[in-house]
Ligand code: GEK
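Before any questions on how it binds or moves, here is one chain, the form predicted alone, in structure tokens.
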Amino acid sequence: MINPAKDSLYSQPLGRIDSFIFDDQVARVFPDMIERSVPGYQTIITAIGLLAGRFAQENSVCYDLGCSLGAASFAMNQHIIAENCRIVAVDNSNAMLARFKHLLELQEPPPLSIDLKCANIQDIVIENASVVVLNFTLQFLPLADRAQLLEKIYHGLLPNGALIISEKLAFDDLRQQTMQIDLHHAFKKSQGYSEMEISQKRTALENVLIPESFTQHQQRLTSIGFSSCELWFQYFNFASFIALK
């Protein structure tokens, strides 16, 4: 059984801070890292399961794009009652998927149907989808690639399908932006991270994780064709929203 290790990757001074990647070091501490870094993470995961249970259709596919260790996939599997509905979980990190696979093997009873694929999410064919999840995934794609992926998802969704997106947000108002960042750092300190850890992690993520405002997300999704896009959760500068086809 995998015992989640404590995230101490940035606890010592680093002479050179490399760009953040989802390698084996990150995979090993990922459950602790994301729980202590993303306010409301478990609430989001639980709600993704509930939303999937509502929108999953019979004989369809639910996609977890950028699945990491599979938290959203497991939540969906727990709540989906539609018959003959399978989950396709995609990530381009072999280290993440290896641990996800081991977690799958430990499940009692075994999940209904979760297929793991190691690939870039831009290369996956989306078809016959009733639910698509991008849980803190889109923010790692280059800005120029985001619309094309979302258009592909839209066209692969069935009528009345749902796209669930969780993201770190940016804010147009400088005061709001400063306040939200400060509050996020205060949250991380409350979870035991030091100033040095927060600073070094932020440097590692610079130009790797590029946030946008909710208005930017909403306008892009509706311009693609989604009938609506609404925020359903926000905790400081982390949010989750749902777009309906």
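Everything quoted here is computed from the prediction, not taken from an experiment. The numbering used is simple: start at 1 and walk along the sequence shown.
What follows is about the form predicted in complex with this ligand, which we do not show.
Asks: Look up in the model of the complex whether residue 139 has a non-hydrogen atom within 4.5 angstroms of this ligand, and give yes or no.
Replies: Contact check for residue 139: yes, within 4.5 Å of this ligand in the model of the complex.
Asks: If you check in the model of the complex, is residue 49 within 4.5 Å of this ligand, heavy atoms only?
Replies: Judged by the heavy-atom cut-off of 4.5 Å, residue 49 is well away from this ligand in the model of the complex.
Asks: Does the 4.5 Å heavy atom contact test between residue 181 and this ligand in the model of the complex come out positive?
Replies: Judged by the heavy-atom cut-off of 4.5 Å, residue 181 is well away from this ligand in the model of the complex.
Asks: Any chance residue 119 has a heavy atom within 4.5 Å of this ligand in the model of the complex?
Replies: Although this ligand is absent here, residue 119 would touch it in the model of the complex, with heavy atoms inside 4.5 Å.
Asks: Quick one: which of 70 to 78, 171 to 179, 100 to 108, 155 to 163 gets within 4.5 Å of this ligand in the model of the complex, going by heavy atoms?
Replies: Among the listed stretches, the partner-contacting one is 70 to 78.
Asks: Are 22, 34 and 91 jointly within 4.5 Å of this ligand in the model of the complex, each by at least one heavy atom?
Replies: Yes: 22, 34 and 91 each sit within 4.5 Å of this ligand in the model of the complex.
Asks: Would you mind picking the one in 55, 193, 30, 187 that has a heavy atom within 4.5 Å of this ligand in the model of the complex?
Replies: Result of the distance check: 30.
Asks: Select from the listed residues 96, 129, 150, 85 the one whose heavy atoms reach within 4.5 Å of this ligand in the model of the complex.
Replies: Only one listed residue qualifies here, and that residue is 96.
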